[in-house]
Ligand SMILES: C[S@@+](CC[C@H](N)C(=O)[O-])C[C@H]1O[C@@H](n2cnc3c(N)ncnc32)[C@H](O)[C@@H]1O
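Given next, in structure tokens, is a single chain: the form predicted alone.
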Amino acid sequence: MKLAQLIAQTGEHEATIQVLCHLLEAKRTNVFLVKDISEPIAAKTIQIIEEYKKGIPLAYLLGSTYFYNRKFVVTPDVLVPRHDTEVLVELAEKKIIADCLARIDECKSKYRILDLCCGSGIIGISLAYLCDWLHERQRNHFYEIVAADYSLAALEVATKNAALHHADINFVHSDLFNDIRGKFHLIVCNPPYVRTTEIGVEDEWTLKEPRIALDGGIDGLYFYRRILANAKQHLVPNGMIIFEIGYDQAKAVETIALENGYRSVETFKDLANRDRVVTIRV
């Protein structure tokens, strides 16, 4: 079967290409070079697309997706990674590099990072790549990444992803800071922030995702309040928290931070020019 015929039959161009990339273990550009798609592959593609049309996220059907140009295991126990979260990772990378340069004369002191509400582990694992790279070039850059989540099922997925990417991460089962020990130079967090009554309203796909990873309470700010009430004691001087936020939550999160005595709150936008990430310093 020709690619054009298969797309015409499924009625889903982009989803069909993604499925073929997965089934053929091929890059997107190579899929377009395939002259004939075998009947078993075509049949499997059609089957997956039929399930996708019923509202099941494609990442769950394929068991994986890409984030920051890297492949991650995804199951219905974790959120499907969004490209918007890459803004958080990019800002975290800049912070780590700046701190590494500032600490260049320090010897063998660990730079500690906490990935709170880690879910599938995409943030902590992405930062581990940078930390490994920095260690290769600056031997006295020792680091420790701790990743925590309340969901044991999510931690299982995150552990698989860490193994897949050979990332040295310590996973902790914890209700936010309850079982977290020590201080950190950087805390990164993509907490549940969707208002309870708005889950599935703007994005019906979220109805298939774990509610525990989405529900941020009546106003969507429940976890920001809890985290900012306790994060100070887990941050070194000049330490930073980087949050992902809802597009209309920047001002509210800034207010919560200032009320809790934090300083230097900045907001950054995603590719759609919407508020997406907030950085907060102790």
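Sequential numbering from 1, following the sequence displayed. Because the structure is predicted, anything quoted here is derived from the model rather than measured.
Below, we refer to the form predicted together with the ligand, which is not included among the displayed structures.
Visitor: Hey, of 145-153, 195-203, 158-166, 127-135, which bit sits against the ligand in the predicted bound form at 4.5 Å between non-hydrogen atoms?
Guide: So the stretch in question is 145-153.
Visitor: Does the 4.5 Å heavy atom contact test between L176 and the ligand in the predicted bound form come out positive?
Guide: Yes, L176 is a contact residue.
Visitor: Hey, in the predicted bound form, is L235 touching the ligand, heavy atoms inside 4.5 Å?
Guide: Residue-level check for L235: no, no contact with the ligand.
Visitor: Quick one: is F223 in contact with the ligand in the predicted bound form, heavy atoms, 4.5 Å cut-off?
Guide: Residue-level check for F223: yes, a contact with the ligand.
Visitor: Taking the ligand as it sits in the predicted bound form, is I212 in contact with it (heavy atom to heavy atom, 4.5 Å or less)?
Guide: I212: contacts the ligand in the predicted bound form.
Visitor: Would you say all of T16, I41 and I48 touch the ligand in the predicted bound form, counting a heavy atom within 4.5 Å as a touch?
Guide: Contact check failed for every one of T16, I41 and I48.
Visitor: Could you run down 179-197 and flag each residue that has a heavy atom within 4.5 Å of the ligand in the predicted bound form?
Guide: N190, P191, P192, in sequence order.
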